[in-house]
Structures are given as C-alpha cells and as structure tokens.
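Structure 1 and structure 2, given next as structure tokens, are two forms of the same protein chain, each shown alone.
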Structure 1
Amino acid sequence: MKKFAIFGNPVEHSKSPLMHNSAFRAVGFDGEYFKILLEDGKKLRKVFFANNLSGANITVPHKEAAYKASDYLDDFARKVGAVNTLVLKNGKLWGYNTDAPGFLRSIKKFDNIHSILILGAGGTAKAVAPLLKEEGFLVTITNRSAPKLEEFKKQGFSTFTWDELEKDSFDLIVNMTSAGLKDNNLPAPKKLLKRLFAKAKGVVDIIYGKETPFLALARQFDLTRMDGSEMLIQQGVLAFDYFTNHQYDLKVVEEAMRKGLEESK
C-alpha cells in the first residue's frame, strides 16, 4: 500500500484525507492518505521520508518550505516559488503546484470578473496571481506589510499595503491569508473591507468548511460568496493525478472526491 499525507499547521481541519481516500477506493488504487502536523517547515523532507510516503500535499504555512525541499520542480512551481504537491520518483522529491489551476477552475461560477484583489502575499498568492494574470485578469495584491510584496512588484503586479490602497473598485475580493482559519480575525481592517465590499461583485475565501469572519462580513453586503471547497476539490483532483501517474479518468476522481466530502457533512 502506498502512503500519502497532507502537511500543515494547523492540519486537524483538513478534509483532504476524506477526498483522496474516497478516490483511492473508487478507482481501486492501493493507497492511504492521512494528516501530519508539521510545526517546523525545515523538517518537511525528513518527516516525508521517515513516514515512507509516496506523495504529499502541503498546506499553510509550508508551501515555500516544500519548494525548498524539492529535488526537482516542474516549470510552473519553479516560476511561482511555491509547492503544494510532492511526489516521490526514484528516491527524489518532485514539486508541483496545483493551487493555481485549481483556483482558476473554481471561480468559473462568477460572471463578468475582470479585476481581482488578492488579500495576502504568501505561498498561495504566489502561485495563483501569475496564472490569473496570464488568463487576462487585472490582479492587485495587498498585504499588511511591504516586504512580502516586493516579489510581486518585480513581476509587474500592482501592490499596496493596507494603508496605501486607495482604489476600492474590484470585481472579486479573495482572501488568501489564514485569517479566520483558527481564529476570528479578518484578513484586513474592517473599515477597508467594507469599502471594498461596497463595490465588489463577489468574494472568495480559500479557507473551507466554515463561514469565516471575512465571508460573514461579505454576507452583510449581499455579495456572491464562495469558500475554498471548490478550490480544494479542483486542486485535489490534479494532485491525485500526479500521485497516481496520470492513470485514471479525472471525472471519476472528481466525483469520488465530492462524494467523500459530502459523506463527511
């Protein structure tokens, strides 16, 4: 039996095992998938091999650590500097990023979206922003502090700290921070969010399985809202494809993953 895991801190909330184990059963793959709480990202590689894993998914805050732990990187992961999927091949770790294509597939439910404001400048934003830009969206990134924005500036993105952000008209506002995951914090000042929500068409929080304070505030403005469940499924399908070396029909995998999530409710 091949072993797979998700690394994160926190990780107890993760529903990835439900999805992947459901998909393993559906296609008849001899595998098991479980959670590993990892506090120190520098130990990711050591813990991966100690658990005799064949592959892993990486969630906050270790996506940049997974990038550094990889022996080989696919072109997209190398470009964005963040890895959320590791696969063991011939004793070496191959790093991929399925966050961005997963996110792109998940926001197709929104109509007439042209401008997107991303809250946060971490590993997920690093992966998603370049692909959104390539797809023709006007992408702006805002973050509490300036240093993390420097890399985005070099790539030609419009970047602002909270205090600098004067424009308030964006079609889609996306929380890519961990605010609200294990606390009741907002990803940016309430006053700023209210100003943004007043002119937005919709909001997305990549945190899933709960109404975060961010989504609760957006509800007051009657905005189209979406949590991270669809992104979770879409990136999971693509990760599963890497785990199983592209052997299975992805529609079957997606249906099984949705079933696994539904059964958990």
Structure 2
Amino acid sequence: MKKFAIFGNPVEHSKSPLMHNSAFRAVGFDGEYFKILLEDGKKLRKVFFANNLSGANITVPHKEAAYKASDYLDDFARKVGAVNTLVLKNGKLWGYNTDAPGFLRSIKKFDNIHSILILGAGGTAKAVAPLLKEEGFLVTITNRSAPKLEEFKKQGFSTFTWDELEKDSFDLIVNMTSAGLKDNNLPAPKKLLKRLFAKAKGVVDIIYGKETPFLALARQFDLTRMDGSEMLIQQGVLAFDYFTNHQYDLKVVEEAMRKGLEESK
C-alpha cells in the first residue's frame, strides 16, 4: 500500500484525507492518506522519508519549506516559489504547485469573465495571479497594505491599496486574503466592497467550510457566489493525478473527492 499525507500547522481541519481516500477507493488504487502536524518546516524531508511516503500535500505555513525541500521543481512551481504537492520518483522529491491551476479550473463555471480583482497579495495570490494573466484575464490586485504589492507591480500587474482603487468595474471579485478564516473580518472596507459588488458578475472566496462575511455581504447582490471548496477539490484532483502518475480518469477522481467532502458535512 502506498502512503500519502498532508503536512501543515494546524492540519486538524484539513479535508484532504477525506477527498484522497475517497478517490483511492473509487479508482481501486491501493493507497492511504493521512494528516501530519509539522511544526518545523526544515524537518519536512526527514519526516516525509521517515513515514515512507510516496507523495504529500503541503499547506500553511510550509509551502516555501516544501519548495526548498524539493530535489526537482516543475517550471511553474519554480516560477511561483511555492510547492503544495510533493511526489517521490526514484528516491527524489519532485515539487509541484496545484493551487493556481486548481483555482483556474474552479472558475471555469463562470461565464464571460474577463477582468478579475484579487483582494490580497499573499502566497496564494502570488501563485494564482501570473497564471490568470497567462490565460488572458485582466488581473488587478488590491491589498490593505503596500509592501506585498511591490512584487506584483514588478511583474506588470495593476496594483492598488484600498484607498488608491478608483476603478470599480470588475467581472469577478476574489477574496484571497485570510480575512474571515478565523475571524469575522471583511477583506476590505464594506463601502468599497458594496461598490465593487454592484458592478460585478460573480464573487469567489477561497476560504471554505463556512459562509464568510465577504460571501454573506455578496448575498445582497445579484451575483453568482462560490466558496473555496471548488478550488480545494480541483487542486486535490491535480495533486492526485501527480500521485498516481496520470493513469486515472480525472472526472471519476473529481466525483469521488466531491463525495468524500460532502460526506464530511
């Protein structure tokens, strides 16, 4: 039996074992997937090998540590500097990032989206924004403070702090901050969000498992709303594809992961 795990701190809340174990059963792969609480990111490699793992997912705060722990990086992971999927091949660790392509797959259900406003300039935004741009979306980033915007500016993105943001017409508004995760904060001032929601077609919050204040506010508008569980599933499907060497029908994998997640509710 092949062993897989998710590393994080905290990790207790993670739904990844439910999704991956459900998919292993669905395709008949002899695997098991569990959680590993990792406090020190520098020990990632050691713990990976000590547990005799064949692959792993990595969540907050160890995605940079996983990048450093990789023997080889795929081009995209190298570009964004963060790894959320590790795969053991011939004794070496290969690092991938499935967060950004997972997010891209998750927004496929929205029609006619051209311009996207990302709220937040953290690690996830850093991975997702370049891929959206590559795919032809017009991407704007806004953040509560200026420092993290610098890197985006260098890459040619339009960046604004909240008070600098004058344009208010974007097709899709995405909360990529951690506001609302463990608190009841909105990711930007209410007045600004209302102005944005009035002209948008859809909103996405990548936080999952609860209705955040951001999504609750959007309920007052005629908008398509989506939480982070779709991104969670899609990044998981792509990670599973790497774990199992691209041999299964991803529609079957997706369905099983969705079922695993549903059963946990």
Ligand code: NDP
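Predicted, not measured: the structure shown is a model, and the values here were computed from it. Sequence positions of structure 1, starting at 1, serve as the residue numbers.
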Check against labels, form predicted on its own ends up as structure 1
- Message: K35 and G122 - same rigid part or not, between structures 1 and 2?
- Response: no
Rigid-body analysis between structures 1 and 2 gives the smaller part's rotation relative to the larger, in degrees, as 17
